[in-house]
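In structure tokens, one chain follows: the form predicted alone.
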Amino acid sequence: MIKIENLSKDWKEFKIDNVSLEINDQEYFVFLGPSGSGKTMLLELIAGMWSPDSGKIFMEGNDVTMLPPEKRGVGFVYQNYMLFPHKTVFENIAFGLKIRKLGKKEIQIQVQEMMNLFGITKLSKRLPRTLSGGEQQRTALARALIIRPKVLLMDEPLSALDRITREELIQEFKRIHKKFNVTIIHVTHNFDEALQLADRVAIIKEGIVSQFGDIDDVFRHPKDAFVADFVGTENILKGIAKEGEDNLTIVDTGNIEIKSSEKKTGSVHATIRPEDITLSNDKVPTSARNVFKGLIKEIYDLGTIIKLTIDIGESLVLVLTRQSFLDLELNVGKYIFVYFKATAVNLF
């Protein structure tokens, strides 16, 4: 387990401000936040590249706050891969084993196994400048994992890759995590990456952890407007909450009333994820407690999905599959019935 207690570090451009959290053994944990939020600094503090101004870092119960990186048992994969430009793929992967003074035969065996694992055996004699982004990333992962670290740290590992390579490497990361039983800490600004990979996530804003927990809980139940916006909630409505019938909460926005299964009173924000909203051309029987007639204001074709903005008294954004969009024969200016469940309405 990695335990971070009241960790702070202040630079002019970035800071970490009194961060405390725990990362479980063999967990895939993601630090998620916008550029400049301090998430990479937090990763580098865990790695031992910097000393904190205050606070402590523990690994397996041991205080490692002042230990150098080589004493922490961590592997690090940088955003720009940081491969040695004058060394071949084989030599890059072998570097950590040579530092540990393993014999040539053992190095050959281990490097060959690692290259086979990552499907880069044919690249063994190539220099980094001749490799694609995906090939460089696989080489960097092999170099980091060959020393069998207890913790693998990855700083924006997918940011420079095209969509197809990114999707391939996401599956690679899942396989690595399972095969090596390694704790992975992954820094990104891309929530889709976190959603596909993370067991738990910490949302970081200006050096402070705004929210952390299970990925689905953070995704479905953001605790403030920053987190809600960052995880793509899109529909954030202000209102006054009061107790309603059937053990539900009613939120009055001033224009409409929304029902939520969460218990709150007073001033609140209500959030509804775009994918939790459904449509129909006619009013139909439904278990959804929120039913409105709305006017389609905007349509955005995003390829595999269609995004719509609908005015129900408040503006709502929702997404449909292309087939659903075609089946409903939707267009700007058309009236449509909008449905979402009370359990889909998060309050904070």
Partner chain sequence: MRKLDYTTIFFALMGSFLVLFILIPIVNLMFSSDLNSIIANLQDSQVISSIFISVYSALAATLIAVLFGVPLAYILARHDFFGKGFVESIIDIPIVIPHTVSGIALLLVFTSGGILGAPLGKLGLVFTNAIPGIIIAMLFVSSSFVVNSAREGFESVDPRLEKVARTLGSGTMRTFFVISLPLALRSIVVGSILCWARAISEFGAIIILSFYPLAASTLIYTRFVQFGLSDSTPIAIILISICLTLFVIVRIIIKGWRSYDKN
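Not measured: the values here are computed from a predicted model. Residue numbers count along the first chain shown, from 1.
FYI, the form predicted together with its partner chain isn't displayed, but the following is about it.
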query	finding
Residues Lys174, Phe180 and Asp216 all lining its partner chain in the predicted complex, heavy atom within 4.5 Å	no
Partner-proximal stretch of 236 to 244, 196 to 204, 258 to 266, 70 to 78 relative to its partner chain in the predicted complex, 4.5 angstroms, heavy atom	70 to 78
In the predicted complex, the residue from Phe212, Phe95, Phe191, Phe226 that sits within 4.5 Å of its partner chain by heavy atoms	Phe95
Residue (of Ile208, Leu102, Ala160, Met82) lying close to its partner chain in the predicted complex, criterion heavy atoms within 4.5 Å	Met82
Trp50 within 4.5 Å of its partner chain in the predicted complex, heavy atoms	yes
Touches its partner chain in the predicted complex: Ile147 (any heavy atom, 4.5 Å)	yes
Contact label in the predicted complex: Ile250 to its partner chain, heavy atom within 4.5 Å	no
4.5 Å heavy atom contact, His86 to its partner chain in the predicted complex	yes
In the predicted complex, residues of 124 to 145 near its partner chain [heavy atom within 4.5 Å]	Leu127, Arg129, Arg143, Ala144
